[in-house]
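Read the single chain below, which is given as structure tokens and is the form predicted on its own.
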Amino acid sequence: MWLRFMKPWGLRPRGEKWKGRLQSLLALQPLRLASGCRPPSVTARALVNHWAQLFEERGVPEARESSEYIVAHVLGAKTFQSLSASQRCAPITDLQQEQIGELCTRRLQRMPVQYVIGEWDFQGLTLKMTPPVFIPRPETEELVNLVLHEQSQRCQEFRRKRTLAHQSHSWPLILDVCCGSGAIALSLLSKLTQSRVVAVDKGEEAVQLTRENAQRLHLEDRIQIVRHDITSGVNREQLLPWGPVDFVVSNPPYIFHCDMAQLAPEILSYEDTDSLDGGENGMSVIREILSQAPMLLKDSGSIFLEVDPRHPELVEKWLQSHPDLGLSLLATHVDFCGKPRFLHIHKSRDPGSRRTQNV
């Protein structure tokens, strides 16, 4: 969960300043036409510079990146850098200028870029994004990589043992709790081509968006999408349509409630705060997942969680105080900033026999 903590910032009224600046550039055109001169062309690079400066003046974070993403999107590209030098310097049509202006105005209102352009890439997949469904953050891609690595290790182990169970273990069953846009579930489906996933979220908007993204990516045949609040208990019929799962994976709400007010305006104004607020110590949903996991997992199953850096110690103590669950913290992995962010928890009847690792 890539969350930038910022001071509160009040939006000014829409329009006057940015409209006046852009109009001052275009106001020269009638005069030059009257004198027989060709009107000046507005290029993609010029618009990026214009909006980046205005974003910066208005306190919009990542001003240049925001401007580049929006201009590139209108021009049909993923990033501004992917445009050729000639495309960056080519004249922009009046319609494109209008579209860029409309989208940049939304960014001035602190709407996240992902919502502004309506899509975002995750693990090589282009996902549709709509408010208020939680936007997947870059570090969550590492959570997916950890599951992929564990599945690869399991396949290698079964091959070495030459067991008859090898084939079935090549087709993992996965439960994604708090699926949001479907980023984790669909990434795993795309990488593990014979896997099946049950994606669960309590929000109707999230369920609908996951379903739409699955259809856009032609992955709907291997996924069950369920609207269910994990805090209301286990519904085995909904959560286990194919039987116990190999992996439970989740990026649950884990922000400490006392930290919520410090989140950026983009988050507080547009994203569903229920997908962020983890209660007093950020553990309310995490505890529910851990309490129910033994009923959902196969005997050799694992749980992969994205958490706050303060959680590994809290989770380990909580698991030690609930030995009846048969769960043990196998490893803690750091994110790209070096912070402990991901937990690998194993279902074992002897938690003390497995040594916790910090990776």
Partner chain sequence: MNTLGSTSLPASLGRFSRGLWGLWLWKKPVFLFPRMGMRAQVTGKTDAHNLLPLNERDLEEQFVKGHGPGGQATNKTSNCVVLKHIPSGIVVKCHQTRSVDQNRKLAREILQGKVDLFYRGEDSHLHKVRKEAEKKKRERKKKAKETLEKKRLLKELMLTEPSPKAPL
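Numbering follows the first chain given and starts at 1. What you see is a predicted model, and the numbers here were worked out from it, not measured in a lab.
Absent from the display: the form predicted together with its partner chain. The rest refers to it.
Of the residues given (46, 334, 314, 295), 334 alone sits with a heavy atom within 4.5 Å of its partner chain in the predicted complex.
Contact with its partner chain in the predicted complex, defined as a heavy atom within 4.5 Å, holds for exactly one of 205, 102, 121, 157, namely 121. Proximity of residue 78 to its partner chain in the predicted complex falls within the 4.5 Å heavy atom cutoff. A residue is said to contact a partner when one of its heavy atoms sits within 4.5 Å of a partner heavy atom; residue 194 fails this definition for its partner chain in the predicted complex, lying far away. Taking the partner from the other structure, its partner chain in the predicted complex has no heavy atom within 4.5 Å of any heavy atom of residue 86. Its partner chain is not drawn, but in the predicted complex it has a heavy atom within 4.5 Å of residue 142.
Contact with its partner chain in the predicted complex, defined as a heavy atom within 4.5 Å, is made by none of 173, 180 and 291.
Per the 4.5 Å heavy atom criterion, its partner chain in the predicted complex is contacted by stretch 260 to 268, the sole one of 233 to 241, 194 to 202, 212 to 220, 260 to 268. Residues 56, 62, 65, 69, 73, 78, 79, 81, 82 of 46 to 82 are found to place at least one heavy atom within 4.5 Å of its partner chain in the predicted complex.
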